[in-house]
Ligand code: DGJ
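Next up: just one chain, as structure tokens, the form predicted on its own.
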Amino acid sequence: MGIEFFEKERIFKLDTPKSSYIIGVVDEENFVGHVYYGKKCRDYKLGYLMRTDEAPFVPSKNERDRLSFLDAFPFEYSTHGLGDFRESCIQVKTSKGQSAVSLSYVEHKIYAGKPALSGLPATFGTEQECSTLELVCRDNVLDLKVILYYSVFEDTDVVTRSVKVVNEGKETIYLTKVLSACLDMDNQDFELLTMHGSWARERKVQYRKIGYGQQGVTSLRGESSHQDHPFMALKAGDATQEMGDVYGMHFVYSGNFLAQAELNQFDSVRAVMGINPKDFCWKLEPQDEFQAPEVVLVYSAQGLDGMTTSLHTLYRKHLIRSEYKDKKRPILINNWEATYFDFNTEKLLQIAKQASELGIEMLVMDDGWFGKRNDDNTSLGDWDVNEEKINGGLKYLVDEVNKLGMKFGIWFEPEMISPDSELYKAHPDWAIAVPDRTPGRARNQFVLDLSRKDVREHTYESIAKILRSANIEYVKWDMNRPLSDIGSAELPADRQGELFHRYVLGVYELQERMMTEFPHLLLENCSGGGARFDPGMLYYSPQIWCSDDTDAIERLSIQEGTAMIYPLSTMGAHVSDCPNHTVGRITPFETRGYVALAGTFGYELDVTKIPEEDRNSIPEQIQMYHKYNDLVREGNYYRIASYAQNHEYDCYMVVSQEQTEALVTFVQVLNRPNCKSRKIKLKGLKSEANYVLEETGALYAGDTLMNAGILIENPWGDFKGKLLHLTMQK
């Protein structure tokens, strides 16, 4: 593993445990080309794959057909305006109104470790864990330096990429597009895998065959969005869940994005990813630099399962920083679906007392504790405790909860401001808005202009004063509307195109500052559920509320898409009340527990009002959580069957890193009359080992479980689940 440069051939070779990524420099103009990405190769002399010995050849041999070369060469980082008519990665606007960029290799550095990205979340690793290539390119006409960063890790099959742009000239340049990664490859009858959704139905998996032209997913909402996700994968036509070539791209960013695949006339696919260039324009003054966010590339020859394992490993070990990443999260009960805005100190303590007796470990007070907040029409921005509801004060409430042996958590929505608030009356210019236009409200709220230092400072101190006032050990950070009416009262006219990105940088700054002052805080990000569930947020919080839809059956497909690319430990998942508040469905309490077990596990209900049978089941569920959470949090996840595809049942499993233990979750959504038991083939076990099925005591060979399978009898009824726990025979 590592990175090498072969000077004679001008080849860079980046190796992960099972893959190789190869870059070549060609011709007198030092074009940087993509050579190969795939299964690990011993050889590095693969420059022939760039086809520069075929017509139209390189410009030094055939200047008359320069455009033909530029429009077909597999560029490592594509540029705009000079003859490559595919999607470009970088575009500018100069004082002369021109937009073209051309990049040539200048120099490089290879070193152990990985640099941080200023102001941005990014993966990390020690000098023993990863290596980095800085590939420096330059446009001599613009005096523009572009540094391409590549890092590889010793323990997972990913290549991370990011880009820094430096203005080394004497004139101001406006960057109108700076994407973070480009990947040119021959088509393998690729299908494009993306994730789509909306509020309450996030991250549904979609496959479509790549056709000629451009296709992909985007966001212009100022968030990584419910509707599309900053991820895509190219799956070879013959690839399956378990085998075949899959190339994944994931954006470590929480705002507007572009993820696009383009099939051209030569049957080459160009995949690009980065900040969405629409409404983006960054003023780069002389000697200024712009850092683009990171993209994670993953190659798997073991189908989707291999991609999932690589991403899970990367995020668990090299992205999440919280002290909670490697330990159990406290089992919480959130009062939102229990009370909504109708609560006071007595009601919260009543819930806490009952919950503590059942073994629940934390009470979270959700929306409605501040200002005049008795509904969602007022008071965002006025982060002062409403002591008419929290009678006795916040510290009294927290202390009383602590006396019960429970931790205390609290909800904020720091990025928003209500038109009906004291803050808005004092500072209407602090809201993002376009002058002379009627602003668009969503949930009757506006968005604070976090590009402004004074707004960030006020926002931070408003939150911090609450956290300093009592023993608060958990924060749920919400964000319930997209950005619109993009205008800042402070940014000058030629910097208004920076607002979207500056907003995201402001969010990162606030969360970084909070976690620095309160390092032991458990932070859970949320955005109307899953509107900002992305790798960027995981850098600050080890878990994100997966969806506002807590229905166990809806959660099967939501959590399937999420778990394809994120560790189970990151998915906020709770057992909620029935009929479910989103869809009205009634599911067994037991099944709700099984589905929530695949995430952080907690409760979202009024424990004092649920049926006694359900309440009496909680200690057993908590015992289940403590028994299996280490395995669920740390193990390798495998998808066995998809309810979203078969419309009948769902099945997935987690296997310990040592392959000594496995947990299979089976949920029968719809029962079938007059049918035999289902045969399930397991994954990830040791073929030569024997495993005991705890539920029956039966002994099975590992290869039998994976190749022949195991039978699961159909439960009687709909929405019924089962757990199968296997341990290796000693």
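Keep in mind that this is a model prediction, so the values were computed, not measured. Start at 1 with the first residue shown and count on from there.
Just so you know, the form predicted in complex with this ligand exists too; it's not on screen, but the next bit is about it.
When the contact criterion is heavy atoms within 4.5 Å, does residue 366 count as touching this ligand in the model of the complex? Yes, residue 366 lies within 4.5 Å of this ligand in the model of the complex.
According to a 4.5 angstroms non-hydrogen atom cut-off, is residue 528 in contact with this ligand in the model of the complex? Yes - in the model of the complex, heavy atoms of residue 528 and this ligand come within 4.5 Å of each other.
Check residue 545 for me: does it contact this ligand in the model of the complex (non-hydrogen atoms, 4.5 angstroms)? Close contact exists here: in the model of the complex, residue 545 approaches this ligand to within 4.5 Å, heavy atoms only.
Going by a heavy atom distance of 4.5 Å, is residue 278 a contact of this ligand in the model of the complex? Contact check for residue 278: no, nothing within 4.5 Å of this ligand in the model of the complex.
Residue (of 480, 264, 378, 451) lying close to this ligand in the model of the complex, criterion heavy atoms within 4.5 Å: Flagged contact: 480.
So which of 532, 177, 476, 161 gets a non-hydrogen atom within 4.5 Å of this ligand in the model of the complex? By the 4.5 Å criterion, the partner-contacting residue is 476.
Choose one stretch from 633-641, 551-559, 319-327, 366-374: the one whose residues place a heavy atom within 4.5 angstroms of this ligand in the model of the complex. Of the options, only 366-374 has residues within 4.5 Å of the partner.
Taking this ligand in the model of the complex, which residues of 279-305 have any heavy atom within 4.5 Å of it? Contacting residues: none.
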